[in-house]
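Next comes just one chain, in C-alpha cells: the form predicted on its own.
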Amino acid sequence: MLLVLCPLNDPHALWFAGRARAEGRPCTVLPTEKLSFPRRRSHRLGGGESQARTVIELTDGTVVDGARVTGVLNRMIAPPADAWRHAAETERTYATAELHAFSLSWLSALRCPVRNRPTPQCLAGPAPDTLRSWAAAHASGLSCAPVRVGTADPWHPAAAVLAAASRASGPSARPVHAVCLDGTVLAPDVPARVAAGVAALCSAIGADRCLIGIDFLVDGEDWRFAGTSPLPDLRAGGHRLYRLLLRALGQR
C-alpha cells in the first residue's frame, strides 16, 4: 500500500495520489483531519526499529498497518489533534504534544521508504529556521541578498529573506519555485552552479533524502535564493517528479 499523509486542503498531495490511482496503484490518502478521529491507534516498540508495529483503524473501517505500507508521502504539517480543538487549553496543549510524539515515532519507525520523515521541529520533514537556511544557502554558493530586519523592514525572517531577494533582483525578476528531491533540483533550465548549490544546501540542512521546495527570484542568469518550504508544489515538478518520487518511495 502506498500511503499519502496530508491535510484535506493539499491539492499537490491529491494530484500525486490521483496519478498513482490512475495507473492502478493501491494508494490510500489519509488526511490529517480523518486521522484525528480514529477508532483505534496502536503503536508498539520492541527491541529495535525492526520490531516496531503500528496499526491505525479509522471509523470507516480502513486499517493502516505499518507492516503492509510500501511507501509514504508525508505532508502532515501538524499532528492529528482536531478531536481536541474544543477542549480546555491545558488539555488541548497536552493532547497535541502527545499526538505529535505519536506521529513522530510511528513515521520514524516505518521500515518502508518515506518522503519526508519527520523531525522534532516539523512533522513534514526538515524545516530549519529561515535565517539558518539563508546562511546555509550562502555557504553553499547560492546567490543570497543581505537580509535586514528592523522597524523599517519585515520582522518575520521568511518575509525579510524574500524582501531582500526582491530588492536585489529588481522588478524584472520572475519567481521560480523549484522542487527538490533527494538533493536534485527539478526545474527547467537550472544552471549547473545553482544545481550544485542546491545539492550542498540540502545536505547542510539535512534534506538530502527529502522532498522540499526552494524559492528563487530569477533575473537572467542570476538565481537569487528566496526561501525554503517542507511542502513543495509537486505539480511544478510535473511528470518527471512523479516518476522519480514513485521510485524513491519504492514503487516500480
Partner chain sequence: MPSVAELVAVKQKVEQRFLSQPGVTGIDVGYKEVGGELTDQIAVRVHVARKTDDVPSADRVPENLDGFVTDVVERVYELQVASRPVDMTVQADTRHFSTLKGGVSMGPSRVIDGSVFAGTLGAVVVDNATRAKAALTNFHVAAVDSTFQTGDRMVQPSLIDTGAAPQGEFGAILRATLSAAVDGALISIDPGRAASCEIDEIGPVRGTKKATLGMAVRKRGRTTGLTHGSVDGFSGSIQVDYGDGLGVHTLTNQVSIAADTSRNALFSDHGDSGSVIVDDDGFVVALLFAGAGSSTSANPIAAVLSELNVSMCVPGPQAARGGVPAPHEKSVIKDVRDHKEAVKDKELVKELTKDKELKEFTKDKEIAKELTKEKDIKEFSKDSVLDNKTLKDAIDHIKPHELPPAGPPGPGPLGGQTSLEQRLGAVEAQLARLGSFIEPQQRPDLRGAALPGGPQPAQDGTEELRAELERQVADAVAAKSEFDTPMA
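Given the structure is predicted, the values throughout are model-derived calculations rather than measurements. Residue numbers count along the first chain shown, from 1.
Form predicted in complex with its partner chain: not shown, discussed below.
- Interface membership of Leu181, defined by any non-hydrogen atom within 4.5 Å of its partner chain in the predicted complex, is ruled out.
- Shown alone here, Gln51 lies farther than 4.5 Å from its partner chain in the predicted complex, counting heavy atoms only.
- Mapping the unseen interface onto this chain, Ser140 falls outside it, with no heavy atom inside 4.5 Å of its partner chain in the predicted complex.
- Its partner chain is not drawn, but in the predicted complex it has no heavy atom within 4.5 Å of Pro146.
- Every residue in the set Val29, Ala78 and Ser169 has a non-hydrogen atom no more than 4.5 Å from its partner chain in the predicted complex.
- Proximity to its partner chain in the predicted complex, defined as a heavy atom within 4.5 Å, singles out one entry of Cys122, Ala101, Cys112, Ala135, which is Cys122.
- Residues from 216-252 that approach its partner chain in the predicted complex with a non-hydrogen atom closer than or equal to 4.5 Å are Leu217, Thr228, Ser229, Pro230, Leu231, Asp233, Arg235, Ala236, Gly237, Gly238, His239, in the order they occur in the chain.
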